[in-house]
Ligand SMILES: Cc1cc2nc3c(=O)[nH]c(=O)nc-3n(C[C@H](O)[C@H](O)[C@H](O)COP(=O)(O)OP(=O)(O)OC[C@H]3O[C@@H](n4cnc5c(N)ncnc54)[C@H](O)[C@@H]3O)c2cc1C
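Here's a solo chain for you in structure tokens, the form predicted alone.
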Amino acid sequence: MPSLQTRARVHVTTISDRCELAPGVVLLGLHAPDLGKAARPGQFLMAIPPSGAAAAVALGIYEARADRASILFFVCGKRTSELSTLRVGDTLACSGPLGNGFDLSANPRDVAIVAGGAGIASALLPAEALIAAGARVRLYYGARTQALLVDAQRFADAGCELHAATDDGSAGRRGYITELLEQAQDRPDMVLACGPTPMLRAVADVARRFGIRAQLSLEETFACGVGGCWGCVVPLTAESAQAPNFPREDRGGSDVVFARVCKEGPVFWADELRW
């Protein structure tokens, strides 16, 4: 996977628009010319709560076009609660874009994007990029309830084929979204997935059994977001192009190394992870 990292920096942005897509789910539009132009599908930013009383929080970049970028997040703790109080005209400092995003360089023609819950925040940019390149894109979207299938119509309007599953059966299939992926009559060329770890493991298993390469955007709590603290590592085959530069196995090293989710990731090829 070629490096998609860009030169990240701190941006002092202005909240340009705000809406609540569902109770506890907030979409903040940011006036951020440099960030909007630099962000790539699957990258994230570290948002700094304005009070300074809480550490920065990693959030997927939802939209990035011209002077505007946006973040979509579920309110689930002190940091996101503080961010949810921001209103139009307020300022928000953030660093980014960070990390390596999805590798679309193979120009796949038929792609399944699997998003679970808050993972939808990393799904729109790759979906738009693939559709613009003429690919067929299927969104497999899972959530607890119909109300939490936030912005689903946005993806349908963009040209995605929408497949939904909810825990309570209030929309789409009742059960796991990975079951819909597994039961698809025709197989995609590639799978992209973003969501909770159990879902990502299930996607990796489906992709392995059907011989489809899959890219997984891992969820993790970051301390620094730039690879300095090595607090968010995941085991990765040493042969991966994303593997950090450690001694090779034939030089006394190992065939598995630890990669930083925030630096080498957050997106990894499923078949290269050694969970």
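No experiment lies behind these values; they were computed from the predicted model shown. Just count from 1 along the sequence shown to find any residue number.
Omitted from view is the form predicted together with the ligand, to which the following refers.
In the predicted bound form, the ligand lies farther than 4.5 Å from every heavy atom of H163. Contact between G77 and the ligand in the predicted bound form is found at the 4.5 Å heavy atom cutoff. Proximity of A58 to the ligand in the predicted bound form: non-hydrogen atoms within 4.5 Å are present.
Heavy atoms of E239 never reach within 4.5 Å of the ligand in the predicted bound form, leaving it off the interface.
Taking the partner from elsewhere, every residue among A118, E219 and F222 has a non-hydrogen atom within 4.5 angstroms of the ligand in the predicted bound form. Residues within 4.5 angstroms of the ligand in the predicted bound form, judged by any non-hydrogen atom, belong to 78 to 86 and to none of the other stretches in 200 to 208, 125 to 133, 103 to 111, 78 to 86. Only one of the listed residues (L148, L72, C94, V191) places a non-hydrogen atom within 4.5 angstroms of the ligand in the predicted bound form, and that residue is L72. Residue F44 is the only one in 9 to 47 with at least one heavy atom within 4.5 Å of the ligand in the predicted bound form.
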